[in-house]
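Take a look at this one chain, the form predicted on its own, written out in structure tokens.
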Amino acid sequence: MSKAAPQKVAVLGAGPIGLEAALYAKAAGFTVAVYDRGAIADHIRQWGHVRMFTPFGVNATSLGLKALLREKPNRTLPAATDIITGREFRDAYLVPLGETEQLLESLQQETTVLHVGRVTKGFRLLVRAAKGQERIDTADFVLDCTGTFSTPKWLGDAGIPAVGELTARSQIAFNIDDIPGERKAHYAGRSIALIGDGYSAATTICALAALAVEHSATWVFWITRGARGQPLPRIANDPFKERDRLAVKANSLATRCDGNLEFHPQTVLDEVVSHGPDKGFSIAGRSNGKPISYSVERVIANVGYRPDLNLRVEGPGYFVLGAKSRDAGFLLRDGFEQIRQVFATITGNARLDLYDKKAA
């Protein structure tokens, strides 16, 4: 009797969770196809100038480190305790990981999965390659690791777009812009509305405050939905000191309103109207129930992201991993644990754990 062929896992997304999931699948004996509509960890490249608040050792796995060092034993990697930028993480770990022998043949960059459908045994995927050709691929399991980076949340109240937002969206910065670097000239000496109260907004407000010291004509309206006081709640005994330092600094700016900064909490937006490319915006809403309006030259919306559920298929065999599976507070180590649990479920072996805890 011939031996059954290995089951196939389709991994959607070649970010950090997608690559690690593919590596784990290979180690567990599955065949793997990894699809990404862009390049490896392209969303990390977009905020690559930002320093991560988790150390490298928390963001890498034993499987990943072994794969890299197996091919190049003398490879230089960050130390486990190093706090590195997103770009350094991508260049030193993620891109080389995708280029390892284990993953290179499985990786299909610039390849978009358009639809996923369930059949009697497994799934059918409608796939479009880089040159536009479409085809049908099949898989026994689908791991959706596509993240949320391409779908920012809406700015309006009740989770819908504000008036004018759909038209203005292409002119709003939703990512963490490189304000001290390549985007300095875009913001220096400008009036800016920053919307959001998470760690991304905290990173941005700190950069804008520093810019305002250097360019005194810079003025920032920091708009949040939360109550007055500290916009970022501090985590007691936070194990990640860089995260706590960021919260302290952003909260201090909100409290003192230094650096040409106005802090406007308890504010919801009803209108975000663009007057045309590089011609400014009119913003209107309610602050603590009272009407407010601003005229600004730039809008930065660090409001978080929402999952795109267009590909999602309900039922067994389809798993959502990574940031897409959780609204907020996701860390890469959470994703690694998700990967372990998924393959314990797929294999029916609750004890399956391919990570070397000592090496991680």
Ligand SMILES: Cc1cc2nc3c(=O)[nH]c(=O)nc-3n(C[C@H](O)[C@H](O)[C@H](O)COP(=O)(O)OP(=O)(O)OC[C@H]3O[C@@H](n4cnc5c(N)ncnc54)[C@H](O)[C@@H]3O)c2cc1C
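The model shown is predicted, which means the values in this text are computed figures rather than measured ones. Start at 1 and count along the sequence shown; that's the residue number.
Keep in mind the form predicted together with the ligand is missing from the figure; the text below concerns it.
- For the marked spot (V50, T146 and I176), a heavy atom within 4.5 Å of the ligand in the model of the complex is present in each of the three residues.
- Of the candidates A33, L332, A67, V303, L332 is the one whose heavy atoms come within 4.5 Å of the ligand in the model of the complex; the others do not.
- Proximity of V113 to the ligand in the model of the complex: non-hydrogen atoms within 4.5 Å are present.
- In the model of the complex, the ligand sits within 4.5 Å of a heavy atom of A14.
- Contact annotation: A60 falls outside 4.5 Å of the ligand in the model of the complex, judged by heavy atom distances.
- Put simply, I44 is close to the ligand in the model of the complex: some heavy atom of it is within 4.5 Å.
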